[in-house]
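The form predicted alone is given below as one chain in C-alpha cells.
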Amino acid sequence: MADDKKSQKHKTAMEKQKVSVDSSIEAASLERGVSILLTGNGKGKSSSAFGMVIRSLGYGYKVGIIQFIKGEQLSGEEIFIREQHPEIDFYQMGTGFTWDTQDRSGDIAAAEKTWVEASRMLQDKSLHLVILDELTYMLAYDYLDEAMIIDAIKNRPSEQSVVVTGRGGGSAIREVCDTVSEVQDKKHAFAAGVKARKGVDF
C-alpha cells in the first residue's frame, strides 16, 4: 500500500514537471546561436567547453578554439585535437601562465596577436561553435579592450555560438552572454597535496 502511494505521488510529480518542461520548450521559439560564459573558482570550466566541442563534432559542425592562457605542458585535449581532429581551427596564445612569464608587456603583445585570430573566428559564418578559453583573464588583467571583445561577441554571425571560460572578467561579459554558469570550488584535491592527474586535470 505504501509503495502504491509512493508510486502515485511520483507519477503526479512527474506529470506536473512534464507540463512545466513542455511549456518551457514551447515558449523557446528563437532559433540562433548562443553565447555562454563558464566562470567561477571551481574546476571544470574548460572541460565543459571541450565537451561542447565533441558535441558539435558529433553533428559534423565546424569548430574554432582559442586558448588564451595555458601552460607550456601539452594537455590531453590539445593532443587529441592535433592528432585526431586537425580540421579544427585551433590557436593557442602559447605564452604559458602569467605567473610563469612575469612579463606584462610580452603577455599583452601575445594577447593582441591571439585576439586577431579570435576576431577572425568570430566573423567566420562557417564556424558553428567558437571556444574562447580563459578569455576572462585578458579582461581581468586589462590585456585586451573590453568594449572590443563585447562588440565582437555581440556582432558575430547569428548562427554561431560562442563559449567563454575563465574566472572573473567583470560584469560586461556576464551581461552580454545568454547563459552564465558559475562553477563553485567546494573542495579540490590539489589543496590536499594531490598532484594534477593526467587525463583528468590536463
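Here the structure is a predicted model, which means the values were calculated and not measured. All residue numbers refer to positions in the sequence shown, first residue = 1.
Note that the form predicted together with adenosine-5'-triphosphate (ATP) isn't included here; everything after this is about it.
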Practice problem: Mark Tyr143 yes when one of its heavy atoms lies within 4.5 Å of a heavy atom of adenosine-5'-triphosphate (ATP) in the predicted complex, and no otherwise. | Solution: no
Quiz item: Does the 4.5 Å heavy atom contact test between His10 and adenosine-5'-triphosphate (ATP) in the predicted complex come out positive?
Solution: no
Quiz item: Would Lys45 sit within 4.5 Å of adenosine-5'-triphosphate (ATP) in the predicted complex, counting heavy atoms only?
Solution: yes
Exercise. Classify Asp185 as contacting or not contacting adenosine-5'-triphosphate (ATP) in the predicted complex by the rule of any non-hydrogen atom within 4.5 angstroms, answering yes or no.
Key: yes
Quiz prompt | Option from 52 to 60, 134 to 142, 155 to 163, 173 to 181 whose residues, in the predicted complex, bring a heavy atom within 4.5 Å of adenosine-5'-triphosphate (ATP) | solution = 134 to 142
Exercise. Let me know which residues along 184 to 202 have a heavy atom within 4.5 Å of adenosine-5'-triphosphate (ATP) in the predicted complex, or say none if there are none.
Key: Asp185, His188, Phe190, Val200, Asp201
